[in-house]
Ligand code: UDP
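Starting off, we have a lone chain in the form predicted on its own, written out as structure tokens.
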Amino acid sequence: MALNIAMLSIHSSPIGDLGTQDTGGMSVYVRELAKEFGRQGHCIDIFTQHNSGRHQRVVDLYDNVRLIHLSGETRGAVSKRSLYAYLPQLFHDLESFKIKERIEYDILHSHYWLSGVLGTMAQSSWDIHHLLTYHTIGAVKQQTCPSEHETELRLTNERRLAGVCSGLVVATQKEKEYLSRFDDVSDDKITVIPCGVDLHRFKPLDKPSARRQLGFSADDFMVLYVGRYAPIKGLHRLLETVGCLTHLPGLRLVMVGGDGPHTPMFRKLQSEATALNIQNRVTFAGRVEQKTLPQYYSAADVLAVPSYYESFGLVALEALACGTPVVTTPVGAMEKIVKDGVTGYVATDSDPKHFARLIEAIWLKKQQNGLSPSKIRASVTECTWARSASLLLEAYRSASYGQQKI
């Protein structure tokens, strides 16, 4: 039976600029799963406030998938920190849209805690099963990277949402354990569904050709970072790591992402690179369209994931699908998808010198013809969005774990 699915992604849009402050793996997750559901004949409406006013009210994304921009009484984009106060207005807009369209949804899936708060309003009004995916857990961010300054408003609401939502969906067993520890959620309320990767988009490309097209030297030892420029991503640790590797010939760190050279975070990273005397070895590539990412992954010798916390770590999956090894901290799904010495290395120590030794191990393997791109890609060929979608649909059909089924 085809389902009518409502998704809330209020602070971030699935068509937002990837790598910028509020647009990352969650947007890819929402977009790819909705696309897969649509292919299977289900109807999906994704609601967002992000970039309201810059796009048409309703955007047809894919077959059976619409993106609806809610504005309430707001004018243009509202920052994530300010959005909470506007949620009642956005719910009124959401309710008006539903009434006007004369649509009844079978399931509601909220993404991030702000969407979860809005979702509880709909949950009550619509008498609907409401699943929530946090994507990151505030209490874990606070513990692993205090400089992120998570608000008590978020922490309080996440604890409340864990109790009132019909169920919680997480991407790893580690996230499930975090929810049990920090928000006291019972195991039977949590479903673990791994993320996927688009194997048609992310595949190995010819490295020399990719480097020529991107303007990098064939002789570089290219370390790649892809993601937002945020403290939780461990970028200071990555720069210190590069500072420990200056003896490697041709060393180059290429950093993809960020909100541009005008931002405080960009200027801070530039200053740190200068202080470490590695400014000539670091390239700030800026934000890159997703269609170009396979070139960067294929051009690189290794992807670095130095994060303090990830709920999954999609960029690692994308790099592996492109045949590029990954050196990572033990966050998200990394210990499951990265095989030491085969597809990369998982750090066991937070010391940048330890991280540097692992990257140097990749350099040494490169001198011996390197790791096999085909074997690296083969390690993730079962990690598809179709598989993730099938598992999530089962959770939808089970309608919150043991309650009345759809």
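Don't overthink the numbering: it's just position in the shown sequence, from 1. Nothing here was measured: the structure is a model prediction, and the numbers come from that model.
The protein also exists as the form predicted together with the ligand; that form is not presented, and the subsequent description refers to it.
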| item | value |
| --- | --- |
| Q290: touches the ligand in the predicted bound form, heavy atom cutoff 4.5 angstroms | yes |
| Contact test in the predicted bound form: P14 vs the ligand, heavy atoms, 4.5 Å | no |
| Heavy atom of V28 within 4.5 Å of the ligand in the predicted bound form | yes |
| Contact label in the predicted bound form: Y297 to the ligand, heavy atom within 4.5 Å | yes |
| Segment assignment from 111-119, 167-175, 221-229, 271-279: heavy atom within 4.5 Å of the ligand in the predicted bound form | 221-229 |
| Option touching the ligand, based on a heavy atom within 4.5 Å in the predicted bound form, out of C322, L314, I107, V302 | L314 |
| Single option in K207, K189, K141, K233 placed near the ligand in the predicted bound form, where near means a heavy atom within 4.5 Å | K233 |
| Full three-residue contact with the ligand in the predicted bound form, heavy atom 4.5 Å, for E36, P194 and D198 | no |
| Those residues of 354-392 which, in the predicted bound form, come within 4.5 Å of the ligand by heavy atom | none |
